[in-house]
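A single chain comes next, written as structure tokens; it is the form predicted on its own.
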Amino acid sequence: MADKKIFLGEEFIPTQWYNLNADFPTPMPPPLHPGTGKPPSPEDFAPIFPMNLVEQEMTPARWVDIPEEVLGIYKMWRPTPLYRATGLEKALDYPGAIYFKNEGVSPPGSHKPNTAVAQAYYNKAFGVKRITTETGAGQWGSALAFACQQFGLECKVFMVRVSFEQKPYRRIMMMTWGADCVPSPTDTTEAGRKILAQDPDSPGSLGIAISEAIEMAVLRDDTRYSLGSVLNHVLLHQSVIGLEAKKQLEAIGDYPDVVIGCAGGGSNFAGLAFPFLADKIAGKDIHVIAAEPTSCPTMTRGPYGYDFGDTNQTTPLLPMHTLGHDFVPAPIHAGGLRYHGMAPMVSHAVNLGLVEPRAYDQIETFEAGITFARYEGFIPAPETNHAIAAVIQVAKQAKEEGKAKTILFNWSGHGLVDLAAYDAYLSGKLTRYELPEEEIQRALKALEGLPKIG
């Protein structure tokens, strides 16, 4: 019988992060300053991010050393185990192998602390005393709260008000780790007061929370802002996932034919996929799939162009697949995938044909998640269910073709704090939803007048 789990000792934690930017066959388009139309200088980012992270954002280096202090905290949960999904294989009567990298074993229960710990370290080293951020469903906010506690930093989290009220356990996790978590919009920022003046009962949005967090960061010299996805340095930090997975598969003499991850902003997908994309660029025959929701089909239906990373247009213009910076996704339960844009590096990989994006409806994804939970035991996060839906689709197609493909996917987090979403599915309250074309066209009007790519 094949091993169910493939472990690595702590001595196998990667000591360097991998940067796919160094291996793209054609260079990625640069971000642009919205005022000058030219690539921003490092100084343009200085009020928001510490300069050591700005340097990582712009580095051309293939490998970046992981600081000893970060490695020491990684040891709490890394290396994460690689599982053989034998129960799912049996349920699907699948002749090949299905593996998943279990990132749910971290203290906050997801892949997010891979970058949260790194960002907290670099902020601390730069002399920052407090970090601000936003969070929707709460995965990122809880990861950063945990990381800040490790380095003695204050953490201020602006949580979208509707999530603050509907997801109390994520909020409680943040507070347990010492963070100040407040419902956004607030009356403590100009951005928040403007929204409240228009609508005192505003439920909030991720765009509003981002604006509040950035505004709070630039008001004090001892404060910086932190982002949990999209940016180059975030995807860099997540590469430990794929680097470990390659070592684990090598230890048992296997290699994936297909690599799959869910994708909202792109961090967990890139973390697993990018080290394998390096092999694909070098000539390896491997199929890489990014799974997104039909309600927020950034890659499958959004154009590749320049857009702002936030609703209030405070960020540089980023080259990415986008639905428009003022797009408001439907309130699906996979809150971590409800973002209007995709990470520039992931978008570039899609544009080059290195990655195939696929979109899945929330009913299909919860059906997949329930199947996984019943045959593998672990209850996945709603976001992770999108990857599982893709795995089941690929396995069924391979079986029909008489092929025994090896499938690897990122189990990006557990769903134990998201059981209300499962309750909604099990009680029949969820419905199928595909974003109407007219809504996409309306949202894309926000791109009029912005620079084009190519």
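Start at 1 with the first residue shown and count on from there. These numbers were taken from a predicted model, which means no experiment stands behind them.
Heads up, the form predicted in complex with another copy of the chain isn't pictured, but that's what we're talking about next.
Interface residue among Ala97, Met173, Leu354, Ala278 relative to another copy of the chain in the model of the complex, by the heavy atom within 4.5 Å criterion: Met173. The partner is absent here; in the model of the complex, the one residue of Ser106, Thr315, Thr189, Asn232 having a heavy atom within 4.5 Å of another copy of the chain is Ser106. Although another copy of the chain is omitted here, in the model of the complex all of Trp177, Arg374 and Leu416 have a heavy atom within 4.5 Å of it.
In the model of the complex, another copy of the chain lies within 4.5 Å of some heavy atom of Pro79.
Residue contact check for Lys452: none of its heavy atoms lie within 4.5 Å of another copy of the chain in the model of the complex. Another copy of the chain in the model of the complex is not approached by Phe45, whose heavy atoms all lie more than 4.5 angstroms from it. At the 4.5 Å threshold, heavy atoms of Tyr83 reach another copy of the chain in the model of the complex. In summary, the region of this chain contacting another copy of the chain in the model of the complex, judged by heavy atoms within 4.5 Å and restricted to 287 to 295, 305 to 313, 68 to 76, 207 to 215, corresponds to 68 to 76. Taking a 4.5 Å heavy atom cutoff to another copy of the chain in the model of the complex, the contacting residues in 149 to 172 are Gln149, Gln150, Tyr169, Arg171, Ile172.
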